[in-house]
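Taking the form predicted alone, here's one chain by itself in structure tokens.
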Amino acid sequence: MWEKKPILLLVLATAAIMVGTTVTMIVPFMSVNTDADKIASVKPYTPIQQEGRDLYIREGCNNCHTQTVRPLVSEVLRYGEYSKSGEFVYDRPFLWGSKRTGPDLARVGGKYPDAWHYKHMDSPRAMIPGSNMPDYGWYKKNPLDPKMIQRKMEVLGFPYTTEQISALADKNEMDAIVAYLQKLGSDIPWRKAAKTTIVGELKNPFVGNKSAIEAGEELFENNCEACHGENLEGGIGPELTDIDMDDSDLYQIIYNGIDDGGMPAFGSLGTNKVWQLVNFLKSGDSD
């Protein structure tokens, strides 16, 4: 019996551990960040984006937010295209995280306009009712220190010029964190690829349906009011009191969103709910 031969048992156990370590750790480490993993469109952080990343780490944001979308249907539908290893070549340390007290941020860049992020960081509940995220309005009172940033960049060996860093003299921490958030996941054109091409004629199934209009009003309050106003009067987004647009065109805008931070896509709500929003917006009833 092997247990009666300790030397042989030790050798076999060591061999088994080495094989497992090689397969699960050494081989994967050797296969990442190779030329095959590089993505040409992924660019280094600018000085203000890097400073925003430092703030993100300083505040422990990665304790509540992950930065990686797993290749699962449910996650891709909710957050966007799954993460690629080549997107993280400039990240030291990685901020993938493991807990989602808040939503994943791997694809937040370009999802909302800058104004949305400024208002959200100032008071999260102003944009997402019920959010338990702290307020960071005090970021606006903290100007960036180009001299300190210069020292950090020199220590880390980042190739930023003195002129690039001096340009941050009139920026504050709020500007930096927003610039960083708008960078996340935006180096690959995944939103255009994810757009749904609708084949055939789009026909509104709820025309004149009072229940659908009421359901659309509730959906508007929960998803759209923060940007378009309680009475459709506008704000971060345009006013919606008098929409001169075909139902099918409005449906596609809501379903696919508007590129470059104009408006996020709401296709994940489902076809019926998008149509309910269309009917509420076209009803002219903002009460």
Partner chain sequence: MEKPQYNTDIVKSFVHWSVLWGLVAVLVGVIVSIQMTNPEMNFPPYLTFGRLRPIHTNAGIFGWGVGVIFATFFYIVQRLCKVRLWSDKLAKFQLYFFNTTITASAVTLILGFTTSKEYHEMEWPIDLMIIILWVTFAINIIMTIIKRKEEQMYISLWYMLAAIVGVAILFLVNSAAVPVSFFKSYSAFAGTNDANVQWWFGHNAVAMVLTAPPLAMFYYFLPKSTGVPIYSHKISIISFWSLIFMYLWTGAHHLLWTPVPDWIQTLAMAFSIMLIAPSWGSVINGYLSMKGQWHQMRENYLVKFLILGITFYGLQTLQGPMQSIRSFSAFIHFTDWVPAHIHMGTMGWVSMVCFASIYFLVPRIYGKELYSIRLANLHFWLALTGQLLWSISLWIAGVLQAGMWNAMNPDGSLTYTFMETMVEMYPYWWVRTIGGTLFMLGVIVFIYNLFKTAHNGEKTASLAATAEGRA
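Each form is matched to the other, and the largest set of C-alpha atoms that superpose within 1.5 Å is called the rigid core. Model, not experiment: these values are computed from the prediction. Residue numbers count along the first chain shown, from 1.
Unshown form predicted in complex with its partner chain; subsequent notes refer to it.
Chemist: Since the chain is shown here on its own, which stretch among 182-190, 203-211, 125-133, 163-171 would lie within 4.5 Å of its partner chain in the model of the complex, judged by heavy atoms?
Modeler: Contact-bearing stretch, as computed: 125-133.
Chemist: Its partner chain in the model of the complex: within 4.5 Å of a heavy atom of each of Ser41, Ala194 and Ser283?
Modeler: No residue of the spot touches its partner chain in the model of the complex.
Chemist: Tell me, yes or no, whether Asp91 is in contact with its partner chain in the model of the complex, where a contact means a heavy atom of each within 4.5 Å.
Modeler: Flag for Asp91 set to yes.
Chemist: Verify the contact flag for Asn223: yes if a non-hydrogen atom of it lies within 4.5 Å of a non-hydrogen atom of its partner chain in the model of the complex, no if not.
Modeler: Output for Asn223 is yes: heavy atoms within 4.5 Å of its partner chain.
Chemist: At 4.5 Å between heavy atoms, is Leu95 in contact with its partner chain in the model of the complex?
Modeler: So Leu95 counts as contacting its partner chain.
Chemist: Report yes if any heavy atom of Pro159 sits within 4.5 Å of a heavy atom of its partner chain in the model of the complex; otherwise report no.
Modeler: No, Pro159 stays farther than 4.5 Å from its partner chain in the model of the complex.
Chemist: Give, in sequence order, every residue of 46-62 that has a heavy atom within 4.5 Å of its partner chain in the model of the complex, or say none if there are no such residues.
Modeler: Those in contact are Gln50, Asp54, Ile57, Arg58, Glu59, Gly60, Asn62.
Chemist: Does superposing the core leave Thr22 with a CA shift of 2 Å or more between this form and the one not shown?
Modeler: For Thr22, whose C-alpha is compared between this form and the one not shown after core superposition, the shift is 2 Å or more.
Chemist: Core aligned, does the CA of Leu12 move at least 2 Å between this form and the one not shown?
Modeler: For Leu12, whose C-alpha is compared between this form and the one not shown after core superposition, the shift is 2 Å or more.
Chemist: Quick one: Leu156 and Gly185 C-alpha atoms, closer or farther in the model of the complex compared with this form (3 angstroms or more)?
Modeler: Compared with the form shown here, the C-alpha atoms of Leu156 and Gly185 sit closer together in the model of the complex, by 3 Å or more.
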